[in-house]
Every structure is written in structure tokens, then in C-alpha cells.
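Next up: a single chain in C-alpha cells, the form predicted on its own.
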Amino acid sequence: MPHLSLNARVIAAANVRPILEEIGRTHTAPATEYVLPGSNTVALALENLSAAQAGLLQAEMLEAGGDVVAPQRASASGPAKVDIVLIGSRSQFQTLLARSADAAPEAAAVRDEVRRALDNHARTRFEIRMGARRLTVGPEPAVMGILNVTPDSFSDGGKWLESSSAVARADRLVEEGADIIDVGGESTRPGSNPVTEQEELARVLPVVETLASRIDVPVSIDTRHARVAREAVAAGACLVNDVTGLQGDPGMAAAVAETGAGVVIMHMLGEPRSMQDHPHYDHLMADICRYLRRGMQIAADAGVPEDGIIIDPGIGFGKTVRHNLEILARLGQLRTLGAPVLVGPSRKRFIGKLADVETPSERVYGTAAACSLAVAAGALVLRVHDVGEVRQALAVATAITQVDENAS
């Protein structure tokens, strides 16, 4: 499990294969004389180091041939803490890590977190545990089809409220290529009001029960309430998609663990009714990573297996247009946490503002663009309304992103 306090993030990892190929094309000398084959230039951020830890890490990274940026910030509660950024090639990081066997325990713990961060970021394949089911993702992404059985969801509220129409819609999503069907009975759009658990259960249980016996893909329950999660899993769901990241209902983590379901831990700033009222972050990606790590730790403490966790940065949940764009541009940082990354940009308001499209159902092309770029950054699950159209876009995006990985 990633270390919460250090909040390690690989903030950049540049693929040098195109550089190697160009050197090989334009020079007679072997490319290996210029750079190591397959190496990456990496920047890795760590937080809350002691001065001694930071000083030792800085000296050893410099000795390995890399570089370090180490601004110091004061701490009101005790000695100053240091946030640092390590910069170097993969081989330079390996030189740094090779010294861990002889390091003092405190320094070794930091190096272990560096190693974990680098290994996590490089990982491209996961087998997600969801009850008795397993879903393999990577390098090809999975698609989660959205099925809202609500009267007031921002895009399709009221369309699938009747159980029969909801089941027919799920059938269509599976035909279009959905790997998971995500059933939700409470709208969490900006400004929405909560519904009672009883009302939510009345909406979702008949649909979940029918789908679990009808379709051959996992059924997910989109809820922030432990009781709804428990009863939905009993009815046949095997994944709990919690917009509060296990930090809302205090019984949710236990509900996930005790039912054996998998879980999506999502980041949300505030709560749906007011989350879009001037959202602010001290450091967007660091804050989101810290929140998701906290949710992962809550899950682990409750007994949820590590391979049962998916993480989601929560596009549109307490974020401005600029925040959403920054998340998508820097999505790769979330790979450092060691869990498959889910992204849900489907038909959302930021796409409408960027493309000047008022009607959510007409934001399909913008959704496909966001999903394609998310896959290029490492997203392995896409939560969307328009499964067929996004599947087509992802087939192309995935093939392009695998060109350098598959090259000999």
C-alpha cells in the first residue's frame, strides 16, 4: 500500500524510444552511445521528508548523476518538513535504490517508497478482483457503461427509470462493448439533492437483480451509502462505485470488505449540492493523490484486498474547467498509487463549455477525445454513456499508444 505521508508521485516519465530511433536513423554510431536503450527520464515528487532524509536522498541522487529540487517549507506543528523532486534517468534511479541495503531504516523506508512509486507507474496490467469475478485491464482499457435509473441525472435523467427500459438499455450497452454496467439510483450532479436510501434501493435493486442473472458482464452499484451497497451486492452487483472515496458513509469500507465486492475510490471535493461553489486546491494533483491514498488506506484497514481497488480522480466533482483539464493532462501521476485508474468525463459540463455544446447528449465527440487522451496517459477504465462511439475511439487510441511499447 502506498505511503500516505510521503505522497510519492511520478510527475513525468518521458519515453526516449523515439529519440533512440532518430539517433539510429541519422548517425552511424550506435544509439547506445548516447542514451541507454529503453531508459526514461523521470521526475518523482516526495512530501514531508525530514531534513535528514532529504539531505541524504539529495546527496545520493546527485552522486548517482541525477538532480534534485528541494524547496523547504515551515511546519507550524514541529520541525521543518521538506518536499523534494528527484530527476534522473531510470538507470540513475536504480543506482540510488541499489544503496538501500546498507541504509539506515529511516532512509531505507523512503527508498522503498521511491521503488514502489516507480514500479507502480510502470505497471500497465491489472486483474481486478470483484467478488467471484476477475476483470483484466491493460494495456487495452475496459469500458464501464452508465445506467442511471434516476429522474434527475444531468444527461439522461428519467430515460431509464422504468425497470424494463433500464434492462433493455443495459442489453444495448453490452452489445456495444461495455465490460461493466454501472447502475446508479441517486444523481450526484452538481447541485443535486440527496434521496433516501429506501428510494435509492427501490430504484436500483430490481434492475441489479435482473441484470445479474441476464448479462455476462459485472454489475456495479454507483452509491455512497453502505446499506445500498450491501443490498445491491446481495442482489448480484460485484463492484461498489463510491463517489466519496470511502470517506462519506463510515460503514462503506466494511460493507465492501464484508461482501467481497471490488470498489471504485473516487475523489470529490465537498458534496454534490455545493461542490461547484468556488472549488479550490492548494496543489491539485498532490491533493487528489493524497485523498485517494487515504481512501485506499481506509479500504486496506477494513480488509479490502489491494487488487479489489480502482481509483478515480472525479472529473467534474468539485473541479473547475481548468481543474478538469489539468487532471487529464497530468493523469499519469495517479498511476503512482498502484491501482487501475478510472476516468469518467462522459458528456460533462467542461466539454460543453470547451466545445460550446449545451445539450449533454451531443457531447459525444468531446467525450471520445477526452477518453482517448486519458488512455494515452494510462487510464484503464472509462466510464461513459456512449459505449459504441467511445469503443471506436479507444481502439485507435490504444493502438497508437502501443506503438513504442511493442517496437523491438
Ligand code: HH2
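The first residue of the sequence shown is number 1, and the count goes up from there. Keep in mind it's a predicted model, so treat the numbers as computed, not measured.
What follows is about the form predicted in complex with 6-hydroxymethylpterin-diphosphate, which we do not show.
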The single option of Ser187, Asn120, Gln276, Ser163 touching 6-hydroxymethylpterin-diphosphate in the model of the complex, heavy atom within 4.5 Å: Ser187
query: Here the chain is shown alone; which of Met266, Val219, Leu173, Val207 has a heavy atom within 4.5 Å of 6-hydroxymethylpterin-diphosphate in the model of the complex?
result: Met266
message: 6-hydroxymethylpterin-diphosphate is absent from this chain, but in the model of the complex, do Asp312, Phe317 and Lys348 each have a non-hydrogen atom within 4.5 Å of it?
response: yes
message: Looking at 140-148, 321-329, 209-217, 163-171, which stretch has residues with any non-hydrogen atom within 4.5 Å of 6-hydroxymethylpterin-diphosphate in the model of the complex?
response: 140-148
- prompt: Could you tell me if Pro340 has a non-hydrogen atom within 4.5 Å of 6-hydroxymethylpterin-diphosphate in the model of the complex?
  reply: no
query: At the 4.5 Å heavy atom threshold, is Thr336 in contact with 6-hydroxymethylpterin-diphosphate in the model of the complex?
result: no
- prompt: Does at least one non-hydrogen atom of Val243 fall within 4.5 angstroms of 6-hydroxymethylpterin-diphosphate in the model of the complex?
  reply: yes
